[in-house]
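Presented as structure tokens, the chain that follows is alone, the form predicted on its own.
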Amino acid sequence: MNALRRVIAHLDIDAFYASVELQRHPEARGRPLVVAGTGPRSVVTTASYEARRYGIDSAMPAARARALCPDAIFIAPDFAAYRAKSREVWDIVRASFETVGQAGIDEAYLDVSSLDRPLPALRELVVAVRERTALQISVGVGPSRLVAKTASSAFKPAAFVAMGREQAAAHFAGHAVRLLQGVGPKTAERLAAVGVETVGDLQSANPTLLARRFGERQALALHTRAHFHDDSPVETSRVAKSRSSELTFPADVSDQARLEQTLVELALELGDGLRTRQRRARTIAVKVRLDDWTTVTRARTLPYFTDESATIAATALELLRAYAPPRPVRLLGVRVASFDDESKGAPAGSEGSQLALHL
């Protein structure tokens, strides 16, 4: 085996939430199924492939999804069930492969460079997962995470695609730049403004023009990504740098007592999670989104670590009262960060408060 060869696989469970719900509701099989909350502001968590034919997709307002397909079956999400099923899948994967970097509840990267015949091993894994969990995995394989994920995403469901970097650059040249990871709608709009709409356009774009529009660093990153150059490693452990809990109200809330009660409930949930994971935090923050979509975050760093719900709640309440929302509140959240198992880069005992506006 070539010691310099790098082989990365991206595994993605097809329509994960919808697939789990179809196992629990077999009567919905073959029909459009949408997993979404019931509130007036709820959004689509996921949709079955039958529902996607109607233009329904993740993060779409549930009301819009109902308008697109009134006959679809709508089911409220059950995240405890999804977490349990996710563990089943990734336990099977980890039992067969050494370097597994989970990137989400339904996707992971594998570094299979050490295997002489990685593709047969991955095919066997797909069969094992399907037989033991009844879930289908799409697989993309390439010399990098970028190629692997792009391949699995572009060819799913039930994808099994292996590509080299040059193959990916040629194959996806005619696709919209939004195909590339890290190119969101706003970046795509800015690229379109200078005549760059496809991956191929970005590959051949004038570097000087890109640098003027985006700055040298981002321009280089975009150009590199368009040619599918990527040497990022598969990270086998991902320790959360923060944990948060938030709630979007069905209707905007002006009542301070209700806001404070909600904040306490969110703090209790976070404290329970910290104790379950045996972690303590020093930084506590509140997030407030007003009815005009102004989003405000206030944070305070304590001189000690804590996992006590009462401490988190008390600090969050102080921050909320100090801010005193000037308009009705659309969303409220609490976040904890600066955990005791992280490296101690900040000076002990530091305390501060900050206000961030996102308009």
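All residue numbers are counted from 1 along the displayed sequence. Since we're looking at a predicted model, the values are computed, not measured.
Beyond the structure shown, there is the form predicted together with the DNA, which is absent from this document and is the topic of what follows.
The DNA in the predicted complex comes within 4.5 Å of a heavy atom belonging to Ala59. In the predicted complex, none of the heavy atoms of Tyr304 sits within 4.5 Å of a heavy atom of the DNA. The closest non-hydrogen atom of Thr187 lies within 4.5 Å of the DNA in the predicted complex. The DNA is not drawn, but in the predicted complex it has no heavy atom within 4.5 Å of Arg321.
Stretch-level contact check against the DNA in the predicted complex with heavy atoms at 4.5 Å: of 205-213, 160-168, 117-125, 246-254, the positive one is 246-254. Of the residues given (Arg327, Arg29, Arg53, Arg41), Arg41 alone sits with a heavy atom within 4.5 Å of the DNA in the predicted complex. None of Pro233, Gly104, Gly174, Gly195 but one reaches within 4.5 angstroms of the DNA in the predicted complex through a heavy atom, and that residue is Gly104. In sequence order, Arg289, Trp293, Thr295, Val296, Thr297, Arg298, Ala299, Arg300, Thr301 are the residues of 288-318 having a heavy atom within 4.5 Å of the DNA in the predicted complex; the partner itself is omitted from this view.
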